[in-house]
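Take a look at this single chain in structure tokens; it is the form predicted alone.
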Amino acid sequence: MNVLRVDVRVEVPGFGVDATFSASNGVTVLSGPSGSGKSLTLAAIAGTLRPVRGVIHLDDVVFADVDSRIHVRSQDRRLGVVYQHAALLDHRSPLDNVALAVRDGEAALRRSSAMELLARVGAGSLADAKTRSLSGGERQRIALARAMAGSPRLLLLDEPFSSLDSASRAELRALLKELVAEHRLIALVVTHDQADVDALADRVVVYEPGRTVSASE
């Protein structure tokens, strides 16, 4: 079983957060009010922010260790990331968006792998659609397929369903749980929506502004 361990302080001008928790296979929800530091923690794990103190490691792979001056680049951490807004390339097709994230192989093989992923997330029929015309739920399905394309060991999702209607949220929560179980992944989901917590969480890390206060199964 994979285990992610986080014990860091992360700061931006005017605010900082102390986060200490561990996460294993399944969905760990980072829950708490907006502005409490959940997304800052995710950014440190993703490698887009450097912590000012502490360590982050996944099994025996050290992502960050401030005292040892270790900071692994985001692209070398084997992460899949899904944001609140899918951040797709609107000038490329859904198939291209996913194929660009496949790590290895010739172009034809990458496109074949991308097509399989689109089918798995229920978006096979959208492969050649105009990306800018997709609904919010469709865009997040493409974003999930893209996140899986690099064979990640860790999925990071920041408010991934908050802009969707209730039916789309329910469908995508179920899909996420299936993907995490199938691939034996660790997924960290940032949310302040109690419905996400109830539907997704194998364990919960609760935040108050600037710190984690509890972690429970």
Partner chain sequence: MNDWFPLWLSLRVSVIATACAGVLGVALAYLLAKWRSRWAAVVEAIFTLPIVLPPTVLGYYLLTLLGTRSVLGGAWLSTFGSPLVFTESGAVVAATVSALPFVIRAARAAMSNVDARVEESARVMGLSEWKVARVVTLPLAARGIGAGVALGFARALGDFGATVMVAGNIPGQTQTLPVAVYDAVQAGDDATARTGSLVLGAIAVVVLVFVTQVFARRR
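Positions refer to the first chain, counted from 1. Please read these numbers as outputs of a predicted model, since none were measured by experiment.
Missing here is the form predicted in complex with the partner chain; even so, the following discussion is about that form.
Listed residues A87, A119, A129, V72 were compared with the partner chain in the model of the complex; A87 is the one with a heavy atom within 4.5 Å.
Checked against the partner chain in the model of the complex, the candidates L164, A64, A46, L185 yield a single residue with a heavy atom inside 4.5 Å, and that residue is A46. Of the heavy atoms in A123, none are within 4.5 Å of the partner chain in the model of the complex. The shortest heavy atom separation between L79 and the partner chain in the model of the complex is within 4.5 Å. Although the partner is absent here, N97 is a contact residue: one of its heavy atoms lies within 4.5 angstroms of the partner chain in the model of the complex.
Looking at L134, you'd find every heavy atom of it more than 4.5 angstroms from the partner chain in the model of the complex. Of all the residues from 134-162, the single one having a non-hydrogen atom no more than 4.5 Å from the partner chain in the model of the complex is R146.
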